[in-house]
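Take a look at this single chain, the form predicted alone, given in structure tokens.
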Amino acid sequence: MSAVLRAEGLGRRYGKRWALSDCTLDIPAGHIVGLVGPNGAGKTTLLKLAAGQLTPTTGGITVLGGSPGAGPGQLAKVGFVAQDTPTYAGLSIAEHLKLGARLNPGWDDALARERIERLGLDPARKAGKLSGGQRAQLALTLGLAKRPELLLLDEPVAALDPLARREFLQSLMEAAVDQRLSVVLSSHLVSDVERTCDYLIVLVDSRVQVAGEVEELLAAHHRLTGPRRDPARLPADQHVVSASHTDRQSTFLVRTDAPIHDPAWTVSQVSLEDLILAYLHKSAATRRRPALEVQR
């Protein structure tokens, strides 16, 4: 399957500070991708580079086979909803749709109006009078009506209440199926990734810690509990992601494609939350604990 986004040694610097450095990624088409990482990992910078809003300082990036922002044709292929779900407070919903039609040659006005009607929103209502969830849905409508091949979402529901968040994500999943969209959803909420995404990327300090289809990743990771043991004594094909010990017991989260036959171990499955946190904690071993929220 072709890649919708490829990055090789990608970096972006602001003055003396690197917001993203040495990032290498290969995101396949046809997925809702969860891009997860602590604050400062470079998620927003990566998405802005992919959308053509920023240019790389080092390395390269291609999106849908082209250079981000390289002309109207390339821009039309990519939709981007920023973290603050930007809308214009003084414009009505109808005026937002008119603006979208003027700015996007592939605009699907019927889709936009049908979504607004289905959401029960008054087209005459000013965006500044909408709730946070309604503004997020308006921003999503603008992104979808553009009819992109790839939709980039930068933590679009982080500030929403649980019900509005669930409704937004449900709308996203339905649209991804109906429009055969590829989606990259940046989030620091594990529950959103669990509910929505079928492909996972954990990004820490610009480096990909793990990437793959969620089902395959869960099948390849196991929790081992048994008598205390040095990790170095585990088989070479059991990659240790995390380890904890008491005086008599060891618990490991390992990645392996091979069966685990050692009878000393109690083997159990891991949740997506367990997997994500294990990779984040591994990468943050010499730093303070990363800020990742687990919300239901």
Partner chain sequence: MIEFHLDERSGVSPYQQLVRQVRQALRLGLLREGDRLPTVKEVVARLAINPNTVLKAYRELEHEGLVAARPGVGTFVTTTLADASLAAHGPLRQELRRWLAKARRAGLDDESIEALFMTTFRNAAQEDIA
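Positions refer to the first chain, counted from 1. As the structure is a computational prediction, the values presented were derived from the model and not from experiment.
The form predicted together with its partner chain exists for this protein as well; it is not shown, and the discussion that follows is about that form.
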- Given that the partner is absent here, state which listed stretch (196 to 204, 73 to 81, 137 to 145, 93 to 101) has heavy atoms within 4.5 Å of its partner chain in the model of the complex. 196 to 204
- Message: in the model of the complex, does each of 255, 262 and 267 have a heavy atom within 4.5 Å of its partner chain?
- Response: no
- Query: Of the residues 61, 64, 47, 32, which one places a heavy atom within 4.5 Å of its partner chain in the model of the complex?
  - Reply: 32
- Exactly one of 124, 110, 177, 219 has a non-hydrogen atom within 4.5 Å of its partner chain in the model of the complex; which residue is it? 177
- Message: Within 4.5 Å, heavy atoms only: does residue 170 come near its partner chain in the model of the complex?
- Response: yes
- Query: Using heavy atoms and a 4.5 Å limit, would one call residue 225 a contact residue for its partner chain in the model of the complex?
  - Reply: no
- Distance check, residue 215 to its partner chain in the model of the complex, heavy atom within 4.5 Å: yes
- Note on the structure: Near its partner chain in the model of the complex, with a heavy atom at 4.5 Å or closer, the residues from 87 to 109 are none
